[in-house]
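Single chain ahead, by itself, as structure tokens, in the form predicted alone.
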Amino acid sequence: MNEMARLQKRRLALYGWMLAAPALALMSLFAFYPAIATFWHSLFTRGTSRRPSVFAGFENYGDLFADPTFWTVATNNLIYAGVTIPVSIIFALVMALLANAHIPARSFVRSAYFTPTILPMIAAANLWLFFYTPDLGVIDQITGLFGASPTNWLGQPETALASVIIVTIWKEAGFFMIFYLAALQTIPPDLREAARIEGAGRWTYTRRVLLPLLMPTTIFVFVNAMINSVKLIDHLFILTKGGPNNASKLILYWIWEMAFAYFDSPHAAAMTILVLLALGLVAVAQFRLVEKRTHYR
């Protein structure tokens, strides 16, 4: 009997490994191997035709930490993520609540909210480039009605990063709204009726019923927003190119610049590994802290 149980257990284990094998093979080929190769490449110096690359240990990482641009870019990205993630989520939730309510022209409202998402990145950036044009742009035309002087929104360090953040929120909020709208439509209306009978107001229903039920969607949106916060590059190409004076430069743009503008691939690889480590720590914190407070139906 024990021999049969062990055989059955081995069959189940083999069956499980067979199911997981395709995913493991793809992950190894497109995720694990590139990450390991990037880490190995980051341990060497930049090679030239006259001076070949040599092993340097963690020297490239030390160079990054000693570079003031690294701290500027890291601070920019923290500000960028710290603003775009919560603001995009709040706007998406509010828009989803409005789009889910019984209002006139509801289909038009939903389409209007979602329109920025379907625009290509480059087209959206060009559109906002027109908005931000000093003196001639829409924003300066509007502020000029109130007597404000023209502002070079993308050309001065004080407003460049904020201008990029506004473009990102405008584009991402509509995309995240779709997930919230789908989640809202799965919540039974009986819950609202039961809350009303129990004397709960609109705010109490939202805080004690609606938001907990939307928590899985919020986690999904949060993870996507966090990933998006470190992979923005196309808007920067059109809007600021990281300037002025690195005021709007973000991590991925700096990695591209090191690898393909300065041909310094070892330092770009080292920066990539640091980004992977940071994202890994955030993912662990998410699963340890946030996931435990989430209730799945």
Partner chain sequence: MKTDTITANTTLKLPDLDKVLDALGAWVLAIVWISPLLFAAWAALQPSGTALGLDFSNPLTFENFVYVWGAVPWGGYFTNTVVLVTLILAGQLVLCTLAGFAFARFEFKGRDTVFILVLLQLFILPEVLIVENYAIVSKLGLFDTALGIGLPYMASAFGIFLLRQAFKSVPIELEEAARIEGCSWMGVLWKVYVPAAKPVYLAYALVSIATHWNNFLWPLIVTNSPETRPLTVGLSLFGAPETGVDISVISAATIMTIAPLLMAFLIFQRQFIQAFLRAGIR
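We call the rigid core the largest set of C-alpha positions that still match within 1.5 Å between the two forms. Residue numbers count along the first chain shown, from 1. Quick caveat, the model's predicted, so the values are computed rather than measured.
A second form of this protein, the form predicted in complex with its partner chain, is not displayed here; the remarks below concern that form.
A.B. asks: Want to guess which of 156 to 164, 70 to 78, 180 to 188, 204 to 212 is within 4.5 Å of its partner chain in the predicted bound form, heavy atoms only?
C.D. replies: In short, 180 to 188.
A.B. asks: Using the partner position in the predicted bound form, report whether residue 230 sits within 4.5 Å of its partner chain, counting heavy atoms only.
C.D. replies: Judged by the heavy-atom cut-off of 4.5 Å, residue 230 is in contact with its partner chain in the predicted bound form.
A.B. asks: So in the predicted bound form, does any heavy atom of residue 45 sit within 4.5 Å of its partner chain?
C.D. replies: It does not: once its partner chain is placed as it appears in the predicted bound form, residue 45 has no heavy atom within 4.5 Å of it.
A.B. asks: So, in the predicted bound form, is residue 272 in contact with its partner chain at a 4.5 angstroms heavy atom limit?
C.D. replies: Result yes; residue 272 sits at the interface with its partner chain in the predicted bound form.
A.B. asks: If you check in the predicted bound form, is residue 65 within 4.5 Å of its partner chain, heavy atoms only?
C.D. replies: Taking the distances in the predicted bound form, the answer for residue 65 is no, it never comes within 4.5 Å of its partner chain.
A.B. asks: Heavy atoms within 4.5 Å of its partner chain in the predicted bound form is the criterion; list the residues of 19 to 34 that meet it.
C.D. replies: In sequence order, 19, 20, 22, 23, 24, 26, 27, 29, 30, 31, 32, 33, 34 come within 4.5 Å of the partner.
A.B. asks: Would residue 274 count as moving between this form and the one not shown, using a Cα shift of 2 angstroms or more after superposing the core as the test?
C.D. replies: No, shifts by less than 2 Å.
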